Structures are given as C-alpha cells and as structure tokens.
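Take a look at this single chain, the form predicted on its own, given in structure tokens.
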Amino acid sequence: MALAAIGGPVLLAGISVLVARSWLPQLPDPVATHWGPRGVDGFTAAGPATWQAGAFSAGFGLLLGVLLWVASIKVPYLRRGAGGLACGMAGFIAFIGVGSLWMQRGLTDARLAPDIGWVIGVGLLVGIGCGALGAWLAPGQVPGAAETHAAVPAGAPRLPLAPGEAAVCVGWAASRTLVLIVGGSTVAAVVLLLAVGAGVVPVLFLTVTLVALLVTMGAFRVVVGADGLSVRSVAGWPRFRVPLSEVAQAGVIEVRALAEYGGWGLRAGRAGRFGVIMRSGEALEVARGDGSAFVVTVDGAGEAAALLNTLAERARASVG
C-alpha cells in the first residue's frame, strides 16, 4: 500500500527531475512556466524550473497518498484508490512540467515557446496511466480478512423463506444531483477553456473525461442474492461485492449525503463506512466481519437487508 501511495509519487518526481536536469544546457534562461490566452506570460530561472515539476509532483502526490493511506486503514475499499489517485496526480503534474521544458529545448528566447495545450492533453492520459498502474500495484482487500462465522444477531431483520426457496432482490442507485453537478461542471469547464484560448485537445479530452465519469458513476445496479451483495455501475465498472461469508449484519440507515459523506458518488464515511452514496435518505448498510461497513442508497433497502441476513444465516447453517 505504502509503495504505491507514497513510493509511486516519489519515484515519478525523481524521474521528472533527472530528465529535466539533463536538458538544462539546451534550455533558454529563463524558461517559460506559465501560459495565458495570448501565449507565454510567466518565466522562471532555468535551474530552479528543472526542480519545480518534481517538487510539485512529489508534494501533491504524497499529500494525497498519505491522506488516503491513513483513511484506508479503516476503510479497506480505499486501498487501491489511494495508490491510483496518488500516482495519477503525481504523473500528471510531472509530465506537464517535463513536457513544457521539452518544448523549449534549443530555443534562445522562452517567449517563442509553442502553446502548451497538447502537453496538458497528453499529461491527462499519462496521469490516467500512472493512476491505473498505482491502483494495480496497491494491494486490494486481503482475501478472507472480512469473513465472519458469528451468527447474525437475533434482532436483525429476516425475510421468511421456505427451506430451499431462492430469492433475489434487485434495485437501482442513481443520482440526479450527481448528473447535474457533473453536467454543469462539464459545460462550465469547456466554456472556461475556450475563453482562455485553450487548444482543441484539452477541451476535447476534458469533455470526454467528465462524460466518462458521468457514465460510470451515474447509476448502479444493486443485487442481493445467493452470492451476497453486488453493486455494479451500468458501465460495468466500478463494481463492488460483499459475499455472504462477510455479512455480519445488514440493516437500514438514513444517510445525509453531504453532511456525512461530503457529497455523492463513491464516498467514505465515519467508522469505516464506504459505499455508493447517490442521494440522501434510506440506505442499505452491510456490516462486515472486519468491522467495516458497505453502504448503498437504494429503494427497498429494508427488503434487501432482510434477504441478505436470511441468506447469510442460511449459508452459515449449511457450512456448520
């Protein structure tokens, strides 16, 4: 976990500094470090500029990595996310710094530096790639760590099923608020980029990225059945699963999305809670054997909780 969330940003920062320093004899002094609607409008001495990308990359990446790493101690679902976000942010910042210097090699005057739009666009791709690698390197949940053999508490709701009778509960978790936020952000970001004279590449890439976010996070299919709880985006990913062997107890809680989870989407809350929070109101909460809990806001949460408890109890009885 620490290797991805902390070691990843440090490695990316170190590589960016080594590459930038190797170009120092070929760079103008000062170099361009800021672009506005009319081109270059900010400069920095060449020597310090070769360190800036690494410093910002390491700083932001480490801060994000450490914060998420600490949070993941209580919320196992955050482990891969911590490595992915830390490495993704570090890779994005490092590439922009190195790319902006690469464009200026051989120039005698930094004011002649070309537009940086393509660097930002490619940097986003690099950031996504580094994030995916960081998430892959970070350890996921330890298999079996959340399993429990304790009986489902007597007071937990049950759904009466005849011996051998099968049942499935299917629902949807969706958020109009999230659609409005992401949709509005997309329009605002595109207008802002066009207003400052950004190139086609960053505008197009940002639009595609935000639309992809909307598609993957806008709605989730929730299924409770013989395999436990399954929550999957309509896009197929992300997806989450709580097998019956990990269900300590399922119940219904009232969720305040903004106050308790800080917003909508994939959110972490207090006391080891993590889940798909698409709105405020009724939610299914599944306590797991390791003390963590998975929460999903879905209509019919009471029926889903009762069925999950019944199936978990039946699964333990069959093993015993």
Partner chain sequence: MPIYAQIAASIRRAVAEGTLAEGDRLAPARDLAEGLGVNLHTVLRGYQQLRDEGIVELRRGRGAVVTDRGARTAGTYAALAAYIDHARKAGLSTDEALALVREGMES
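Given the structure is predicted, the values throughout are model-derived calculations rather than measurements. Numbering follows the first chain given and starts at 1.
One more form of this protein exists, namely the form predicted together with the partner chain; it is left out here, but the text below deals with it.
K.L.:
Which one of these stretches, 150-158, 98-106, 231-239, 246-254, sits within 4.5 Å of the partner chain in the predicted bound form when only heavy atoms are counted?
P.N.:
Only one stretch qualifies here: 231-239.
K.L.:
Although the partner isn't part of this model, could you tell me whether residue 129 comes within 4.5 Å of the partner chain in the predicted bound form, counting any heavy atom of the residue?
P.N.:
The answer is no: residue 129 has no heavy atom within 4.5 Å of the partner chain.
K.L.:
Test of understanding: in the predicted bound form, would residue 227 fall inside 4.5 Å of the partner chain by heavy atoms?
P.N.:
Residue 227: contacts the partner chain in the predicted bound form.
K.L.:
Just to confirm, residue 179 within 4.5 Å of the partner chain in the predicted bound form by heavy atoms?
P.N.:
Result no; residue 179 lies far from the partner chain in the predicted bound form.
K.L.:
Examine residue 166 and determine whether its closest non-hydrogen atom to the partner chain in the predicted bound form is within 4.5 angstroms.
P.N.:
Residue 166: contacts the partner chain in the predicted bound form.
K.L.:
Just one of 170, 187, 211, 145 has a heavy atom within 4.5 angstroms of the partner chain in the predicted bound form, so which one?
P.N.:
Checked against the cut-off, the match is 170.
K.L.:
Tell me, which of 223, 191, 215, 125 has a heavy atom within 4.5 angstroms of the partner chain in the predicted bound form?
P.N.:
It is 223 that has a heavy atom within 4.5 Å of the partner.
K.L.:
Taking the partner chain in the predicted bound form, which residues along 247-281 bring a heavy atom to within 4.5 Å of it?
P.N.:
Going through 247-281 in order - heavy atoms within 4.5 Å of the partner chain in the predicted bound form - there are no hits.
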